[in-house]
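The form predicted on its own is given below as one chain in structure tokens.
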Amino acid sequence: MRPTLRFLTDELINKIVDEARSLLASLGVEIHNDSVLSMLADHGARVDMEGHHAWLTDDIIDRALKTAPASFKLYDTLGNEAVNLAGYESNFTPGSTAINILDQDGKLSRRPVADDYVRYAKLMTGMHHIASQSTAMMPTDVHEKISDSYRLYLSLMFCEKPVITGTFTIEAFEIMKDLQLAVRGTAGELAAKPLTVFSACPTSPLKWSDVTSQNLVDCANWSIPVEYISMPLSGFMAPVTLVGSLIQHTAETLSGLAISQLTKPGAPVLYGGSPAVFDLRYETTPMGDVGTMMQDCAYNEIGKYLNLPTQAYIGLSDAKLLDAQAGLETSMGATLAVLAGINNISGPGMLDFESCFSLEKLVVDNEICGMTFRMAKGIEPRDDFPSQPLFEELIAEQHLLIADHTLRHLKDEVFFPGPSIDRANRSRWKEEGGRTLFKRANSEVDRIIAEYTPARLSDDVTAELTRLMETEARRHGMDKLPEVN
């Protein structure tokens, strides 16, 4: 039996959804994109073009919910199935778009460069419990106008896993779409085997910018999956109560769903978000707050109730170092997320309010992910009945280390973490150097990168990816791309 977790009753979910629909009809949503407003008007919404506002009808929302797919899959660069976003299946992906990286000393953070990103992409090939990449950090040695596309380019060049990504400009979508077409070959193949998910963020409260609303349209037209990242801040830019924040999150997400589905019925989407409980004491948005985690799990329940696959930024930490707080917040979030059945869990590797990425933390978090997957398998009998023959063997042999029953079920029953997790007795730990968690994780980073096997894209595809990226770089005044190892 798979263990599951719930925070909301169906009755409460109904009330939250009804309130959200009512808000979209009475208060409406601000949209700074004339073509999107016109499309909504064509489908029966009341629209104020000058005021950049639309009031959605129940019919629009009902149609969007009816056409949105209940699940979809992601495929790696070679076309193999990699991620199934359905039901209660959980998949992990690293946190995204960090502006800093924790240096190899484990104490100082700095701005990342392209070489840091390449190390990350290579490391991801060895993160066996993390199914997809994200565009995890922002290299500072390229022009800011190509930061989005360059991160995707490096991910595709150095790791075969699908990519959770996004763009901060309307213009960057074109090159990012072309990079994916270079891998897949045709628009039909890209639609049949999605390679990426694009994040699209409304602005609280109830607003879509020109960029983010156009991203929804562009992704839908090309059948590129999109995840809605509503970010209500409880007690600041949203009601302080969790229910009030969930109403706002639901309204913002349903408005995005309407834009996607009216653009192209059946466009793949994730009911996602990144809410936070605002900490008035420090004026921060703690992702490791228990209320933040509860919101993530709760809106996931709403998404499942609406028959949509789900996403959340959870399983990350606000700590500045790889310390006890980092482990506490990350493991608690990851555990709750898997028990709740969130389909795409974004968080591993991330510190400091989603602003700092750590390769060493990614290694440790990979082990946390593996532990949660073992937990999700639950407890089930494996040749345990009748039990008497097994206990007769135990009494006779005084152990079951090499018993057929042990050898048959050991791998399924017991999760053995990698070398970053210390399970030696104290004397052995001291003999092996008495290394701290960070040092063990750092050694794993170096080992995995040293053993890296290059991605198996064809030479023609990698040449085309590089040609596209170099052309885009020259368009923004760069003579050449950074040299990477």
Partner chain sequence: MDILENISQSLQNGEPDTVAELTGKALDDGVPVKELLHKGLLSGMEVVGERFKAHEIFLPDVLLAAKAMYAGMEVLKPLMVGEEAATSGTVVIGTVQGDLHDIGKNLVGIMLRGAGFNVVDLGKDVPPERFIEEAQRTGARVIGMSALLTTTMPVMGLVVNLARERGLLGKVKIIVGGAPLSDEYAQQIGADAYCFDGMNAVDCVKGFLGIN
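As the structure is a prediction and not an experimental result, all values here were calculated from the model. Residue numbers count along the first chain shown, from 1.
Beyond the structure shown, there is the form predicted in complex with the partner chain, which is absent from this document and is the topic of what follows.
Undergrad: Looking in the model of the complex, any heavy atom of Arg374 within 4.5 Å of the partner chain?
TA: Arg374: no contact with the partner chain in the model of the complex.
Undergrad: Is Met237 close enough to touch the partner chain in the model of the complex, meaning at least one heavy atom pair within 4.5 Å?
TA: Contact with the partner chain, yes.
Undergrad: Hey, in the model of the complex, does Lys264 get a heavy atom within 4.5 angstroms of the partner chain?
TA: Lys264: no contact with the partner chain in the model of the complex.
Undergrad: Using a 4.5 Å heavy atom cut-off, state whether Leu280 contacts the partner chain in the model of the complex.
TA: Yes, Leu280 lies within 4.5 Å of the partner chain in the model of the complex.
Undergrad: What stretch, of 88-96, 124-132, 144-152, 410-418, brings heavy atoms to within 4.5 Å of the partner chain in the model of the complex?
TA: Heavy atoms within 4.5 Å of the partner chain in the model of the complex occur in 144-152.
Undergrad: Establish, in the model of the complex, whether Arg111, Ser209 and Leu233 all lie within 4.5 Å of the partner chain, using non-hydrogen atoms for the distance.
TA: Yes: Arg111, Ser209 and Leu233 each sit within 4.5 Å of the partner chain in the model of the complex.
Undergrad: Work out which of Ser355, Ser71, Thr241, Gln104 lies within 4.5 Å of the partner chain in the model of the complex, going by heavy atoms.
TA: So the residue touching the partner chain in the model of the complex, by this definition, is Ser355.
Undergrad: Report the residue, out of Leu339, Val217, Met138, Ile224, that has at least one non-hydrogen atom within 4.5 angstroms of the partner chain in the model of the complex.
TA: Partner contact (heavy atom, 4.5 Å) among the options: Met138.
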